[in-house]
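This document opens with one chain alone, in structure tokens, the form predicted on its own.
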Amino acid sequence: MERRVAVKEPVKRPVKMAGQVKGGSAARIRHWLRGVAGLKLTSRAPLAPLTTFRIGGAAELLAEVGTEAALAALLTAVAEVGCPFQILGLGSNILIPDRGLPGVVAKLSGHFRRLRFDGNRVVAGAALALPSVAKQAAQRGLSGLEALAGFPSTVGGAVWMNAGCYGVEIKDVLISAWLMERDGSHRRIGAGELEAGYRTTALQHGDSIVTRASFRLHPADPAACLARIEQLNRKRWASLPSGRTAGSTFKNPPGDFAGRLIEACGLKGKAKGGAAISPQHANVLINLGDARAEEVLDLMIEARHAVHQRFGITLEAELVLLGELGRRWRESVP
């Protein structure tokens, strides 16, 4: 069994400039981090194209991060300035406010997309798409990730939320995860320390960032693994609407399905502005072309209130609501 280790590493803090830099926190961070290898910084970068919903405004500062050293430098600068910080993966289960996000939005790339096979063990960088890892493992005759090959998430996001599909969850194959803390230090935790449950882990209650993860798979026939992936993906695509969506909107309550409850309330197909509850699957919201985040949130609140009023069940959001949207959602509890 792999032994867990926790390592605290010294952090190289960015050199502060002499005097003052005009502008807000983003301008200060850009100044402090100029010339740092592995970082690409873009001011007022549109975020909607980086999400499957295609909804939301711009990031005050978008940081594309290619190395762990660059991530540590960025986190240190963010802590020094005291500005908001958000990690963005594939953008497949988030809703970004129409006004965008203040502070820094970071996307991992470069070294965070490395993939290594060692016998039955797979070590995958956090920025890798989980379906790609599952397919490459299957091609090598390693089984265990087939059911997750259609889950639209990065490896880091999948670990953070304990992604699951067709009876398999990340915790079932995870050995350990490497984390970076907001002070730039590193540590590694075992799967048991995630305290993983249905679409939840202990990571959701802290600030740790997953940088890579290791999985234990088992030998199998490559053709059979790939056939299983194809079979499950066809099943998934047939049950979910295509187009500009963010997947499941609500977590399924114990012993029931959020889609069934919403449909029973007569809301299937309900539209507001450019957003609608899918007429194909009531637990999926769709962007009809020009939806605003506020319209999506209004439909979510309406669905939650309707289900609570009729069934006494309070639906929990699976969709991650960023910025002001999360505050409004919390304030609207029935």
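Start at 1 with the first residue shown and count on from there. Owing to the predicted nature of the structure, the values given are computational and were not obtained by experimental measurement.
Below, we turn to the form predicted together with a small molecule, even though it does not appear here.
The partner is absent here, but in the model of the complex a heavy atom of Arg236, alone among Arg113, Lys171, Arg236, Arg260, sits within 4.5 Å of the small molecule. This chain appears without its partner; in the model of the complex, the one residue of Ile189, Met161, Leu101, Cys83 with a heavy atom within 4.5 Å of the small molecule is Met161. None of 189-197, 85-93, 221-229, 251-259 except one has non-hydrogen atoms within 4.5 angstroms of the small molecule in the model of the complex; the exception is 85-93. Although the partner is absent here, Ile175 is not a contact residue: none of its heavy atoms lies within 4.5 angstroms of the small molecule in the model of the complex. Contact annotation for Phe215: none of its heavy atoms lies within 4.5 Å of the small molecule in the model of the complex. Mapping the unseen interface onto this chain, Cys165 counts among the residues with a heavy atom inside 4.5 Å of the small molecule in the model of the complex. Under a 4.5 angstroms non-hydrogen atom cutoff, the small molecule in the model of the complex lacks Leu315 among its neighbouring residues.
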